[in-house]
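A single chain, nothing else alongside it, follows as structure tokens in the form predicted alone.
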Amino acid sequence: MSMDLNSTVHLHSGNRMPIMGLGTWQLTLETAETVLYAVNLGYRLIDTSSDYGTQPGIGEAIRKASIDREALYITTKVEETDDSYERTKSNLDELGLSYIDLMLIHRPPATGAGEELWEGLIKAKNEGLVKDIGVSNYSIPLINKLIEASGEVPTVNQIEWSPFGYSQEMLDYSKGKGIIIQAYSPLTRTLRLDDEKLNQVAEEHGKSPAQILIRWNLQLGTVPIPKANQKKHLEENLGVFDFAISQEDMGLLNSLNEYYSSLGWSLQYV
């Protein structure tokens, strides 16, 4: 399976998205410096949110980077209590951008699927403020409700996803709808990196457990967005394109699934 950091996945909108990126939730070092270093390494997809506090720093890094804005792919989010159209505009202001590549509903409201939020994002897309829209932390029934209400299929569902917590049913459903899964916390926030079977696969390939988790996602066709704030980890996470996990080892990793969440949530996909 040939791929590199410049590879992209095709969205059902006709746009394309980098196959992996950088998460910035709880980025503990200076955001602008970290993101600029990542961009200089070759990262092109940067994930943020209105409630992360990292958008101004990301905007600063984009302005300092020696590449065109069009070469970057910026994902951000609106909250379930927002006016999604107005929040989209304020996100643009914080980032200092004229458009956002992908805007997500961060999580579904406590009741319902967030049809009003979705309509606000559709409006923002129709006006050219965002190129694509999607959801985060949504189950299959909730996605179906948005589609039934609007006819608009999300391009992306960003959910916690690793060999320790994933859903084959969600993967099959998403492929059937042309929805790309963006995998947040693909490294389990380091909490499962000492797993014996994971380390067995890592040793076979001469790679770190984190690199195996990223590569597993890439081979599934999901888009991992691991967070990193240390230069060595930013560099390490890119070392995933010079090997492939065998079908046998993919099966071994798949067998680790226990619907685990590093956030302590009950992962509900269906």
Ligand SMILES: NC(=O)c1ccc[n+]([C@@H]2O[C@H](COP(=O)([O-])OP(=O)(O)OC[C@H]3O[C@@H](n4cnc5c(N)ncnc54)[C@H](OP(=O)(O)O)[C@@H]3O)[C@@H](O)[C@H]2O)c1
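Counting begins at 1, following the sequence as shown. Since the model is a prediction, treat every value here as computed from it, not as a measurement.
Keep in mind the form predicted together with the ligand is missing from the figure; the text below concerns it.
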property: Partner-contacting position among 218, 245, 36, 210 - heavy atom within 4.5 Å of the ligand in the predicted bound form; result: 210
property: Interface stretch in the predicted bound form with the ligand - options 168-176, 118-126, 131-139, 93-101, non-hydrogen atom within 4.5 Å; result: 131-139
property: Contact flag, residue 44 vs the ligand in the predicted bound form, heavy atom cut 4.5 Å; result: no
property: Residue 25: touches the ligand in the predicted bound form, heavy atom cutoff 4.5 angstroms; result: yes
property: Residue 241, heavy atom within 4.5 angstroms of the ligand in the predicted bound form; result: no
property: 4.5 angstroms heavy atom contact with the ligand in the predicted bound form for residue 74; result: no
property: Contact check for 192, 256 and 260 against the ligand in the predicted bound form, heavy atom at 4.5 Å; result: no
property: Stretch 179-202 - residues with a heavy atom within 4.5 Å of the ligand in the predicted bound form; result: 184, 185, 186, 187, 188, 189, 190, 193
